[in-house]
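Only one chain is given next, in structure tokens, and it is the form predicted on its own.
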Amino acid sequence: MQNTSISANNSSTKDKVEFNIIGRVNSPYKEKFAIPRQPGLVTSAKATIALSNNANNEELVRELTQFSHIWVLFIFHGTQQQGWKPLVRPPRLGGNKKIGVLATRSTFRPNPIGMSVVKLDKVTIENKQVMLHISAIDLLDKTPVVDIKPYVPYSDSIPHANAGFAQTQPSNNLSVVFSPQAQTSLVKYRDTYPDLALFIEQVLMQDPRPAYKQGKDDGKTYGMKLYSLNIQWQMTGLSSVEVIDITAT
């Protein structure tokens, strides 16, 4: 089974922990740009987790479908090599204020461990391959998974908890329209990606641009990769987006 090491600066063996990778995510998000900053914001984002090696055993998921949601613990493999710093600039604070990394959900952490609560749609076993079908995700394609736990509402949800600067969901009210050219592409890819229009709309409503550009005029044309497609779009006002074109990568 493939391993990944999470180690402290001290070289002593007692300061190192080794995890087994138990699966990989197959996600429509092919790059970090455009991934929502939290799970649950883009409900149409669907993915699978293919369990691997010794973890690819149907006994591991027995009765898991009793739970509507699961915690996925994973490795930030897309940013792992960039290291980390003690202070970061959270997008929720406009990217202008530095605060301690442990007071944020930044991907640049002392150990590149992430956790997301996602919806468990179903579990399938085909040709001895155990597959978890999940949605409302914020996971990069090929993300290594190190553990899966059921979400338990009575203990995992604390309604009156204080979340500091992230107490409420960001209020992104961007309107999204599709150009005639983009609408033609939606028809072209309708059979392969039946929820593509909704998926693109939900992603863009989150305004994936850098925090310092949000709420400002911006004539730049952006591109993002979803599934095997390149989506070109641009802001047409402070609160409106136009999808210009959708092409195969």
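Just so it is clear, the model here is predicted, and its values are computed rather than measured. Residue positions are given as counts along the sequence shown, with the first one as 1.
There is another form of this protein, the form predicted in complex with S-adenosylmethionine (SAM), and it is not shown here; the text below is about that form.
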Contact label in the predicted bound form: Q38 to S-adenosylmethionine (SAM), heavy atom within 4.5 Å: yes
Heavy atom of R105 within 4.5 Å of S-adenosylmethionine (SAM) in the predicted bound form: yes
Proximity of T79 to S-adenosylmethionine (SAM) in the predicted bound form, heavy atoms at 4.5 Å: yes
Close approach of F178 to S-adenosylmethionine (SAM) in the predicted bound form, 4.5 Å, heavy atom: no
Interface stretch in the predicted bound form with S-adenosylmethionine (SAM) - options 95-103, 134-142, 158-166, 120-128, non-hydrogen atom within 4.5 Å: 134-142
Contact residue in the predicted bound form, chosen from R62, K32, R190, K220 - any heavy atom within 4.5 Å of S-adenosylmethionine (SAM): K32
